[in-house]
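As a starting point, one isolated chain is supplied in structure tokens, in the form predicted alone.
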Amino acid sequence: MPRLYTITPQIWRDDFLCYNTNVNLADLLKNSLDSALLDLIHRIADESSALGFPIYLVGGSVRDLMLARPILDLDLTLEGDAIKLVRALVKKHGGELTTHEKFFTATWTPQSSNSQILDLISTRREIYSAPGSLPTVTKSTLDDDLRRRDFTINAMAIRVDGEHFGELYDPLCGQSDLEKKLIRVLHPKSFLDDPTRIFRALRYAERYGFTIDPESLKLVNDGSRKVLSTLSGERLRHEFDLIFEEPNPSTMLKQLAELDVLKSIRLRITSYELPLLDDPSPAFGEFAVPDMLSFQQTLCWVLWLMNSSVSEIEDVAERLAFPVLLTNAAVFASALKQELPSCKNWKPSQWTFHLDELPSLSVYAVYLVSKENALSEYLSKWQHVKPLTTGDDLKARGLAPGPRYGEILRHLRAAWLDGEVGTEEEERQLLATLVTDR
């Protein structure tokens, strides 16, 4: 478990560089990072220092480090040429190099780091030519790099090279806002430049138990909502995908509705409460999901949409560029939930033959909200029930191939499902009757 450290308030310099000479975060880094990863950072920092490039841990890495949370992505940014640095690292230590010259980034995969992939990024500046557009990127200073970011808590950097290891650079009071548990944008046009930051603000507030700064919240207005409405379906859907990866998406969906964000992007969904998700029983088997989505994301989409009509689901699917598999799963779940009351007295075979026509994810989603035992039985048992007899057996009995094969095998399967046969001999006797009846 990560150690929790208390970070004392920052002492500011008049030149606004904000290097913290009073508190060194070196111990926090050393105690929070895996020793092999820390050694790798030192190797990178040594090479960067030799080239004259100050290098920093930035953004979310610093935020999570100070919150004593696991660091999932290392954001290493240098004031210098990232591509030149990675080439030097490959020359000295080996490994593989991938460059992304348009964004001034390079990826290094060292030979001896268990496939650890590290992205190194040159400090840069972003200019938005129009609200909501993707930015134009140019090389710049660390100060510019931090000021292009979304929130103050993501606009801090810790230097990791040489004698400066552990020095904090915090020009926008991110540490103070972290201590106040506050999500605050960096400037009044933040949500106009990139309105997806509205989603991000809600995610961070829910994830960390923070509050969105009231002045920042006021910026979720007609102007930013209008820009948001112009974004592509793929870009918008991705923001919901990220919400669905969080432990409690219901709160964020409700907040989006209260901020009129859903209405602005033409989503007329009025239900926001999703059930708590547990890992499905292994007995339920595997569920088909789109390649671009995780199981949890796909399931959350289906659960959120299943109370809507088919036409409403199709409208959402078109607006947000759904993959076909997701659209079908949501549509079938909606239909199954609607018809559930009329299925209560069905035999297991009736349930099975009906549910066989639906995506299993649709069945599971309806089970989560209805707790209908028949759906659980289908997923864990009934869908796997097959007769012992095969088409080859029917052919060996002299039956000509044709539709009759399917009818007989279906009848035998129904008998097993409904408890009319329970042994191989009983199936053989029933089969003899069915063949004779032809």
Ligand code: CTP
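From a predicted model like this one, the values you see are computed outputs, not experimental measurements. Quick note: we count residues from 1 along the sequence shown, nothing fancier.
Below, we refer to the form predicted in complex with the ligand, which is not included among the displayed structures.
Among 198-206, 268-276, 336-344, 298-306, which stretch has residues with heavy atoms no more than 4.5 Å from the ligand in the predicted complex?
Answer to the contact question: 198-206.
Taking any heavy atom pair closer than or equal to 4.5 Å as contact, tell me whether Gly59 reaches the ligand in the predicted complex.
It does: once the ligand is placed as it appears in the predicted complex, Gly59 has a heavy atom within 4.5 Å of it.
Give a yes or no for Asn154: in the predicted complex, does one of its heavy atoms lie within 4.5 Å of a heavy atom belonging to the ligand?
So Asn154 counts as contacting the ligand.
My question is simply whether Asp177 lines the interface with the ligand in the predicted complex - judged by any non-hydrogen atom within 4.5 Å.
Flag for Asp177 set to no.
Is Arg149 close enough to the ligand in the predicted complex to count, meaning some heavy atom within 4.5 Å?
Yes.
With the ligand left out of view, which of Asp315, Asp75, Asp241, Asp81 would have a heavy atom within 4.5 Å of it in the predicted complex?
Selected residue: Asp75.
Using heavy atoms only and a 4.5 Å cut-off, determine which of Asp170, Asp194, Asp161, Glu167 is in contact with the ligand in the predicted complex.
It is Asp194 that has a heavy atom within 4.5 Å of the partner.
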